[in-house]
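Before any questions on how it binds or moves, here is one chain, the form predicted alone, in structure tokens.
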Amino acid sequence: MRKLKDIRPIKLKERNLLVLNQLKLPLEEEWIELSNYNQVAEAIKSMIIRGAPLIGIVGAYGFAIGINEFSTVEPEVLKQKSKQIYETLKNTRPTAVNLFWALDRMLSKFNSLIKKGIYGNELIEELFKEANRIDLEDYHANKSIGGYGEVLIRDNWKILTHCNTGALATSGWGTALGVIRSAYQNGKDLFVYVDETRPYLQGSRLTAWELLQEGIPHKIIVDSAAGFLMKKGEINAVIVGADRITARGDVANKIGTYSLSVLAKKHNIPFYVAAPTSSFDLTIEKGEDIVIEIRDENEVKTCGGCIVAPEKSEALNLSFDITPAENISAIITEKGLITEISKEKILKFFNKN
């Protein structure tokens, strides 16, 4: 068994949160201390931290930090403040369901504690414990995803990844990249093609940085090279993450995922989605009902701080797209695999678990 590093993107410092600034990687490893909930909200919105599971975890800590700011106010005022904190954090990113799931859990915990007459320091301690549970649950879920996923991976495979789905997008280890990490740790010789993932370059900046830390062989490719590499037989599988999965198995993920799924289907290459069960939104049946975040056009018109487009040209910056269930070979979760994906299979999977 190979020994790998334990990369963690956040740290708790008493009642503040330290986050690794992912906008500075790979050139600089800068840690930022967040001491109030508005700072947490800005860190999520500006993509200082990103990745669906990590957004949820940081949102949970942000809620606890926010309540801590107002811990001395009257109970009725605190209840109003809790709603304000919840809404501020919830409105930072509209697509990834993990954020809403984690905030709902924190608000429910808060209301339960208040109902029991728990206030002050005890209230704050319990909220930080709940956020920490969400953090640890995600880490162990990632390890389980890696375990279930690695059985699908054969020795000497060449795997294509998209965006960043590793330790930097989670509490540690990763989802799709966690599958690769688990397979490599257990002795399988793998090679990873890392597509750059424009416009934020989460592949070339972040995934490549993680693979370099672990010594996993890889090459960075431009996004448009994937289809030709598939045609040449250079790719054996595609593994991606998910920001939201509907009841019938449609997947919202980083823009470009849909195109890769079409190419993989055309070339008879397995296309796997790795995500925790918290990424499922069973209240939504089809992908068309998911809100797709549209970000600032200047993210497209610049690259690494350099202007790469005419100033007067407009750009459309869709952050996510929808991959239909029929393009997906399997969804890998911490509770097992879902194959031959359909609404019936997914609902049965959740009822069983």
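Note that residue numbering follows the sequence shown and begins at 1. In this text, all values refer to a predicted model and were calculated from it rather than measured experimentally.
Another form, the form predicted in complex with a small molecule, is not on view; read the next lines as being about it.
Contact with the small molecule in the predicted bound form, judged as any non-hydrogen atom within 4.5 angstroms, is confined among 129 to 137, 234 to 242, 184 to 192, 68 to 76 to 234 to 242. A single residue from the set Ile284, Met47, Ile32, Ile292 has any heavy atom within 4.5 angstroms of the small molecule in the predicted bound form; that residue is Met47. Remark: Tyr37 does not count among the residues lining the small molecule in the predicted bound form, judged by a heavy atom distance of 4.5 Å or less. A residue is said to contact a partner when one of its heavy atoms sits within 4.5 Å of a partner heavy atom; Thr207 fails this definition for the small molecule in the predicted bound form, lying far away. Shown alone here, Lys109 lies farther than 4.5 Å from the small molecule in the predicted bound form, counting heavy atoms only. Although the partner is absent here, Arg93 is a contact residue: one of its heavy atoms lies within 4.5 angstroms of the small molecule in the predicted bound form.
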